[in-house]
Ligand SMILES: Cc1cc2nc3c(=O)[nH]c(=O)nc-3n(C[C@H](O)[C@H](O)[C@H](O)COP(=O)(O)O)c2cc1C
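Let's start with one chain on its own, the form predicted on its own, as structure tokens.
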């Protein structure tokens, strides 16, 4: 076997790969529908397609491939095969992939939640077909980190498990689903495979702290919700480490990292068009829910009419498995002394819950 058996194809920064092995041809990975023309032409002539995930972003051309070659073998994990048949609404010539299974020199590894739950990776002759992991490299480490933060940071425990396993492999190259490849141990002569693993290990490291950590995150249109946030922070000081972030002026990645390290959360929002602001939702949708389930929180905010955004955030955090310690502290316009006392009581319940 030789890496020369691998052909790299790129369409709009998305990558898919063709392998010739044991008299068969395999296509690994895929592209979105809008970039699928080349993928369809190449994959339709192959004997088999290896799906690393059922995510439509990376399987967009599969329907066209099956139209031209309905007998092509589809290799994937059990969840992926189930999903892809529901996405395509048609039967496929399915072949179940199991962990550590080998096929014509291609060995498969089940790597759930990187990024989709049905993710697998493949190794052929020391080349790792990594899917979304290690994707996003654009000539600098910045793109690699941005992709990690956006797509994979919410599943850090699974990243750590994957890196631990990949360190046992003798890898000489990494071929991701998106962005530049890492050929023969280098990423454009700036990073080795080992350095890729070290970067992911660093970015996904579990945070440790000897004390309790609280984060106060808020959005405030006229300063009223901001005043409540200041009160919460003042009450928390002395009992734990406190970080306070106004989402309108804070770096989102820094906010997310702080929330994911926290033991407790107070989140404040104003209401715009019966909803919470987009930046507050950005924080919530990028939280590490695998580790934050059960974390105590409470919601607060000032409102002028119905205060729908406050209630929406509270209901969402509860539905996501976090533990609300009190009803939201909602205040009509400018907080009074009695409202600040309600904030004190909510903070006391928060710290008592940790």
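Take the two forms, find the largest set of C-alpha atoms that superpose within 1.5 Å, and that set is the rigid core. Residue numbers count along the first chain shown, from 1. Small disclaimer: the values here were computed from a predicted structure and weren't measured.
Not on display, but discussed next: the form predicted in complex with the named molecule.
Listed stretches are 71-79, 212-220, 87-95, 240-248; the contact stretch with the named molecule in the predicted complex is 212-220, by a heavy atom cutoff of 4.5 Å. The named molecule is not drawn, but in the predicted complex it has no heavy atom within 4.5 Å of residue 35. Not displayed here, the named molecule is kept clear of residue 328 by more than 4.5 Å at the level of heavy atoms in the predicted complex. Although the partner is absent from this view, residue 304 contacts the named molecule in the predicted complex, with a non-hydrogen atom inside 4.5 angstroms.
The named molecule in the predicted complex is not approached by residue 205, whose heavy atoms all lie more than 4.5 angstroms from it.
The three residues 116, 156 and 161 each lack any heavy atom within 4.5 Å of the named molecule in the predicted complex. For the residues 101, 194, 252, 272, the 4.5 Å heavy atom test against the named molecule in the predicted complex is passed only by 272. For the partner-free chain shown, just 333 of 329-354 comes within 4.5 angstroms of the named molecule in the predicted complex, judged by any non-hydrogen atom. Taking 2 Å as the criterion, residue 306 counts as shifted between this form and the one not shown: its C-alpha moves by at least this amount when the rigid core is aligned. Relative to the superposed rigid core, the position of the CA of residue 146 differs between this form and the one not shown by less than 2 Å. After superposition on the rigid core, displacement of the C-alpha of residue 223 between this form and the one not shown amounts to 2 Å or more.
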